[in-house]
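As structure tokens, one chain now follows by itself in the form predicted alone.
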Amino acid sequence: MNDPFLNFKKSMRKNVFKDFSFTDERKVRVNEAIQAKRSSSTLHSFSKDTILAILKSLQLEAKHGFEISTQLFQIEEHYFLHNEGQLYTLLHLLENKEVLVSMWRADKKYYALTTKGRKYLSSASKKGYVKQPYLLKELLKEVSL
């Protein structure tokens, strides 16, 4: 696969970075910073159990984020304990994938399952269902960044 930035990189080396040199220590620090950034991006790798807990919390009625968060804590799902903002990121991703739909009521954003979301939840609830692992794997792939 061709690097779409190859010409840009060559141009930068010839013009912008031609007078720069990095010590080995600096290269190590830059590599560490890049690795740290990559590992922080894996925060968006949500588990199957976390997604299913959210879908189950919305099974009977639409709820706003705080209600969902409270219910997750009650069932011992602590993924969002110290990063509550990630819950809203996941809700937004699930909404973009048409697993959830949102609506505003009295200044609160409520989330509800769509038909697609109900199918995911239904397939996950059926043990031995052949397509279930595929569907969850697909959903996890879709909502992970």
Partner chain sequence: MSSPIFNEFLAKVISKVKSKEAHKMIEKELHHHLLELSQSFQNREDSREKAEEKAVQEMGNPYSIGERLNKLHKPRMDWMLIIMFTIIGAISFLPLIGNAPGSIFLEKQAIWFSLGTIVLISFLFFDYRKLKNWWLFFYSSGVLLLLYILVFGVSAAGVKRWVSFGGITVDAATISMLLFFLAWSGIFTKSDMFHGWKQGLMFGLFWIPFLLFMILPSFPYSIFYFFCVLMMLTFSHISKKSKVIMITAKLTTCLLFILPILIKFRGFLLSEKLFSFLSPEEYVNGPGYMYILIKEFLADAGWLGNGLNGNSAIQSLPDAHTDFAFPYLVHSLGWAFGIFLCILLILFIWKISRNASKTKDSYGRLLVVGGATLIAVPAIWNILMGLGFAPIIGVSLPFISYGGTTLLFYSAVLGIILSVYRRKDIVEPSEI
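For clarity, a rigid core is taken as the largest C-alpha set superposing within 1.5 Å between two forms. Worth saying up front: this structure is predicted, and the values here are computed from it rather than measured. Positions refer to the first chain, counted from 1.
Form predicted together with its partner chain: not shown, discussed below.
Distance criterion of 4.5 Å from any heavy atom to its partner chain in the predicted bound form singles out E84 from the list E76, D49, E61, E84. Its partner chain in the predicted bound form is not approached by S57, whose heavy atoms all lie more than 4.5 angstroms from it. Using a 4.5 Å cutoff between non-hydrogen atoms, K108 counts as a contact of its partner chain in the predicted bound form.
Contact annotation for H92: at least one heavy atom lies within 4.5 Å of its partner chain in the predicted bound form. Using a 4.5 Å cutoff between non-hydrogen atoms, S102 counts as a contact of its partner chain in the predicted bound form. Once the cores line up, the CA of M103 ends up less than 2 angstroms apart between the shown form and the other one. A displacement of 2 angstroms or greater separates the C-alpha positions of R29 between the shown form and the other one, with the rigid core held in common.
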